[in-house]
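Here's a solo chain for you in structure tokens, the form predicted alone.
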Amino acid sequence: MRRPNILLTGTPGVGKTTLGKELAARVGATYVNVGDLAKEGELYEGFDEEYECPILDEDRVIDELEDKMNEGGVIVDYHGCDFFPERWFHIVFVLRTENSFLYDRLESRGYKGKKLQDNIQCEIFQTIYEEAMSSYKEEIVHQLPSNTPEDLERNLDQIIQWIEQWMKDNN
């Protein structure tokens, strides 16, 4: 594998897709939004009436991504992380957003009621960060602030530097 695989995870609305697309464009990596992949391939096992969203078929997602992940150079974007094989990722970035920013972002997406509150609580209680820490080696899991355009640029710079160093060390 000549290029590292990166997981961008975090509560919905923290900026994973914005960061992932821009990062892939700057470094020439393959960007995979798991939600879009599931939609295109209909990789679902039902519908959650309470949250008004499809239920991901995690096994089919893994089958769909396996070959691509083995090639390397893939940036995966998803709000969950505990079902991906640990061997897939060289580094995991958990994006974190202050609740005032997150609330506005989710509300503008049409989130309301229980769905909005549960996602805000997920961020407050660091649910995704804890999931990442229990799913991957602690030393590859990193939190990044994702509140402002300046945070986005800093995160891009930091991750690009990490990729460049990884490639020097591993090629």
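Remember, it's a predicted structure, so these values are computed and weren't measured experimentally. Don't overthink the numbering: it's just position in the shown sequence, from 1.
The protein also exists as the form predicted together with ligand DAT; that form is not presented, and the subsequent description refers to it.
S.K.: Whether I163 contacts ligand DAT in the predicted complex should be assessed with a 4.5 Å heavy atom distance threshold; does it?
M.R.: I163: no contact with ligand DAT in the predicted complex.
S.K.: In the predicted complex, does L152 have a heavy atom within 4.5 Å of ligand DAT?
M.R.: The answer is yes: L152 has a heavy atom within 4.5 Å of ligand DAT.
S.K.: Using the partner position in the predicted complex, report whether R105 sits within 4.5 Å of ligand DAT, counting heavy atoms only.
M.R.: Yes, R105 sits close enough to ligand DAT in the predicted complex that at least one of its heavy atoms falls within 4.5 Å.
S.K.: Answer with yes or no whether H142 is in contact with ligand DAT in the predicted complex, where contact means some heavy atom within 4.5 Å.
M.R.: Residue-level check for H142: no, no contact with ligand DAT.
S.K.: Within 4.5 Å of ligand DAT in the predicted complex, counting any non-hydrogen atom, which residues from 17-33 show up?
M.R.: Heavy-atom contacts to ligand DAT in the predicted complex: T17, T18.
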